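Given as structure tokens, the chain that follows is alone and in the form predicted alone.
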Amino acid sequence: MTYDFTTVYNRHNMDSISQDVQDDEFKGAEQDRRIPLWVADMGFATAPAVTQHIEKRMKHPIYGYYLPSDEYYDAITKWHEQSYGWSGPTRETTGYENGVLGGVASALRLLAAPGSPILLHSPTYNGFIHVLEGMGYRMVLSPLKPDSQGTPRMDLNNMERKIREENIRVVLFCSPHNPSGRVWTRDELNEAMKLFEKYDLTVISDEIWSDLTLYGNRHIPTASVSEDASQRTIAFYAPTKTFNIAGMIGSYSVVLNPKLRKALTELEAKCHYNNMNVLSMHALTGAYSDEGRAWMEELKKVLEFNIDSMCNFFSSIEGVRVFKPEGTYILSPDFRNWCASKGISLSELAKKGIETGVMWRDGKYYNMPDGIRLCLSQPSSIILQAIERLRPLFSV
């Protein structure tokens, strides 16, 4: 490989929550033995192109007020055209966000009063749960339903029933889906958007995982599936997950409906909080470069190896069901039958894993009562070590 995905970095005392988190949940994991698979954060150094763009800007010693550059907007436009064959993001349709969840919170404030019901899928990204609960919205969950092959699918009948019964006006969508790892097909998106059109719902679509599609799967932007979809969707993107720069802060919205875009921009402007960091701007232009894309493609191969390795391990255990994710680097095995056969609870299993130093996460945080979430975004040597630590738990 051209880029380094094998070095194991010591991140202790380097501002990293993945290693230094103090939550009671992880007290059983000795500090010097921790394998951080609990949070969507990578153990890889970011793409050299990102660092180079930041360093180039830092050579000028003034970091005062500034305007987003044409290069910034051009990089976003080019990235979406090359990645998804979509020309939706332009300077006019793209807005800055201090994080995707911040954008989601702003869109919710725009579209619904506190106390309103919001439709979303379960299992559920815990960030959505925190935002909705913190802002006083009511979650209405539509569970994903495995098909005969075990692939999680949207249950359109259940979604329609919930929309009617709860008089829902806003849906919070995740594409690709976290934590299931589904990459929705164009047909699936079409059917969902037809349903939302039927009941005139506005769609808030978190597409932060759009670049990390694996095994030949390809992301389809929600707003791209039809003209109607383009006018009822507020989409959010960021390079932060893909390039391991979440600490830099920097995301963006894409809103093709002029009225929605104007309303969102005006709401955010009144708060005076949503201002880009100049170094974040240069980090994005580095990430969304040809060299950044080359780095990303190598990263995907490493993630596929890690996922294959962990899936092979869990698939060999009787009573454990595992869906190989089509995107993200998240795995959520279902331990319901295994736990029942051993007479232990999922929380007890999660605790036993943490005691080995494998910091994985109980599915209760994601409306996933039978699963445990693992983020497989570490050097492959670390993932293989995690498997060996977990192996004795399942050999009893």
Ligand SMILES: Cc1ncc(COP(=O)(O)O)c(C=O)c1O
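Note that residue numbering begins at 1 and tracks the sequence as displayed. In this text, all values refer to a predicted model and were calculated from it rather than measured experimentally.
Below, we turn to the form predicted in complex with this ligand, even though it does not appear here.
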query: Taking this ligand in the predicted complex as the reference, which of 106, 210, 285, 251 has a non-hydrogen atom within 4.5 Å?
result: 251
- line: Heavy atom within 4.5 Å of this ligand in the predicted complex, from candidates 120, 201, 278, 101, belongs to 101
- prompt: Can you pick the stretch from 225 to 233, 75 to 83, 174 to 182, 289 to 297 whose heavy atoms fall within 4.5 Å of this ligand in the predicted complex?
  reply: 174 to 182
- request: Please run the contact check for residue 40 against this ligand in the predicted complex: heavy atoms, 4.5 angstroms, yes or no?
  value: yes
message: Would you classify residue 125 as touching this ligand in the predicted complex, given a 4.5 Å non-hydrogen atom cut-off?
response: yes
